[in-house]
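Next up is one chain by itself, shown in structure tokens, the form predicted on its own.
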Amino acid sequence: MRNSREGLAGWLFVAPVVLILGVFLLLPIGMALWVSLTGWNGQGSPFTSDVPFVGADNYTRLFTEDGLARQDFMTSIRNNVYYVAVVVPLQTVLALFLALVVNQRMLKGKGFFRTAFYFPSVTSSVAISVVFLFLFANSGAVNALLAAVGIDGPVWFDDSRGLVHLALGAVGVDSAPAALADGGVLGLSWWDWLSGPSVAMCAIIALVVWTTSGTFMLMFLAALQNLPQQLDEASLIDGANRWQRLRYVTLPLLRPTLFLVLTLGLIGTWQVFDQIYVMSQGNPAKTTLTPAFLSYRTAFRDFEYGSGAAISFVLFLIIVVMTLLQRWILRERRP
């Protein structure tokens, strides 16, 4: 009897939160899922009989039907894969390095450095994106610095070539080989899949790494300050150098924090939107187009709300699968 009363009291306490989450989270998700199965154009209510029900057509158009919808979606996936592959490792390594630096006992001015490293993370992403637009302009500060050392800077937001294509062009390969141009998968040739991130995407990558590393630095710093000091001192007595202590003592103890940082980084990079919206709008030649921005453009500009919602749910599944894969890779292996 007592347990049942305690259970009822617990449900009464959490009922407001459950209600709020149900109304403002679960219900909108269910509504969006229904919209993804319809041909709603944004006029009127999507739950009337006048809205055509198309079933899985919005999803099949993204994977099986030749056309602009599949080509744009696969282009956005390619761009985001390169974006994730560069941003997540860079921001993780930089955040860990900064955390190790500011965690040094002999470092003076720790408060200043922690604030300086974290400050970009609390600044408006829109404001920083506008600043980076000026920095990477044709006559901006970045190209001026490159010119000072004898390098002709690129036209950052007008050059649609990927880094791989640029590297191949430097050695005389200016066009796609027949084997890469003729073959392909999901609407893109192998030459397109292997283009590498564009010059414009590299500018966005630099912005994101700079603005996110501070937040992850604090996570690593909190974990470092909670590590048992005795283990580090014992390894020092055993003759381990700084690299050995980091590899065999510190990093294994940081595994939970590393998983958290990689997971949050993975989710954030697959959902990148505001920097794309402010800096490039998916241009040049759709080389900075991402699934999140494509979902917005399809729904709110092209008024194809069903297709836009379908893209968002496919993006959600990609994030779930990637997170589970990452958890499996970083799992603790028993001997």
Partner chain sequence: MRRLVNTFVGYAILIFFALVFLYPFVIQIANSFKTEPDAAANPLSPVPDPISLAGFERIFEGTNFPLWLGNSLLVTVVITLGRVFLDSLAGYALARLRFRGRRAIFAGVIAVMAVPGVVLLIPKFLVLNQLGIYDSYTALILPVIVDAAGVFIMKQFFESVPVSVEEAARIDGAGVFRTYWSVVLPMARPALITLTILSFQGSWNEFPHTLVAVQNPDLFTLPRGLADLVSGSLGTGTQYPLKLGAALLATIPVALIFVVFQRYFVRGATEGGEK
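Positions refer to the first chain, counted from 1. Keep in mind it's a predicted model, so treat the numbers as computed, not measured. Under this definition, the rigid core comprises the largest set of C-alpha atoms superposing within 1.5 Å between the forms.
Form predicted in complex with the partner chain: not shown, discussed below.
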To verify the annotation, which of these, V51, V278, L37, A69, has a non-hydrogen atom within 4.5 Å of the partner chain in the model of the complex?
V278
P28: heavy atom within 4.5 Å of the partner chain in the model of the complex?
yes
Using heavy atoms and a 4.5 Å limit, would one call I77 a contact residue for the partner chain in the model of the complex?
no
I'd like to know if L260 sits close to the partner chain in the model of the complex, meaning any non-hydrogen atom pair within 4.5 angstroms.
yes
Using a 4.5 angstroms cut-off on non-hydrogen atoms, would T215 count as touching the partner chain in the model of the complex?
yes
Stretch in contact, per heavy atom within 4.5 angstroms of the partner chain in the model of the complex, of 207-215, 189-197, 246-254, 168-176
207-215
Residues of 83-107 having any heavy atom within 4.5 Å of the partner chain in the model of the complex, listed in sequence order
L94, F97, L98, V101, V102, M106, L107
Hey, does L317 budge by 2 Å or more at the Cα between this form and the one not shown once the core is superposed?
no
